[in-house]
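To begin, one chain is listed below as structure tokens, in the form predicted alone.
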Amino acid sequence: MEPPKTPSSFMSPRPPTPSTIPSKITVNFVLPYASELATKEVDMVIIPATTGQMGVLPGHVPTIAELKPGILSVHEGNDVTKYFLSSGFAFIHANSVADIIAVEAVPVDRIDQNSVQKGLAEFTQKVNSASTDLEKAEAQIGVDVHSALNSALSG
């Protein structure tokens, strides 16, 4: 009888770490229903990790980060494209590739400030009037997301 196989025997080998640091980082930014960026070479991305804002440049140490509601900034030369993310994960690979997977995202310039203020007021009222833990938790998620949207638009 053969010994059981370990998970590493089913995995493909890691991509090699380049001997020199490239000048650009390759970004893949996907949502469940669309691919926003596919193998886009950029100078830097700033992601809203749960541990804080994380700037990712070429040659960044391999990392997995959970994303919180906030702004993803994609820097390409003097151009900066900003997206509001609800949540997700970022995988930074040793070969200067960043895979960013978000549950929901929208370009910041498409967000309506009045709708954000209205939503924040509505969810705050729901938190205060919630009669069950579930209702309170759902309303608190709405407050958290609308607060992050409000911060994104004002800062």
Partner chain sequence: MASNAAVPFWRAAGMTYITYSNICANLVRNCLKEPYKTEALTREKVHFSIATWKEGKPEKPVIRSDTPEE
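Numbering follows the first chain given and starts at 1. This is a predicted model, so every value here is computed, not measured.
Keep in mind that the form predicted in complex with its partner chain is not shown, yet the notes after this line are about it.
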Self-check item: Heavy atom distance at most 4.5 Å to its partner chain in the predicted complex, all of Y33, S87 and D109
Solution: yes
Quiz prompt | Among the candidates T51, S115, T39, N128, the residue which, in the predicted complex, approaches its partner chain to within 4.5 Å (heavy atoms) | solution = S115
Quiz item: Out of the stretches listed (39-47, 61-69, 22-30, 92-100), which one is close to its partner chain in the predicted complex, meaning heavy atoms within 4.5 Å?
Solution: 61-69
Self-check item: Touches its partner chain in the predicted complex: S147 (any heavy atom, 4.5 Å)
Solution: no
Quiz item: Using a 4.5 Å cut-off on heavy atoms, what residues in 123-145 are near its partner chain in the predicted complex?
Solution: F123, D133, L134, A137, E138, Q140, I141, G142, D144, V145
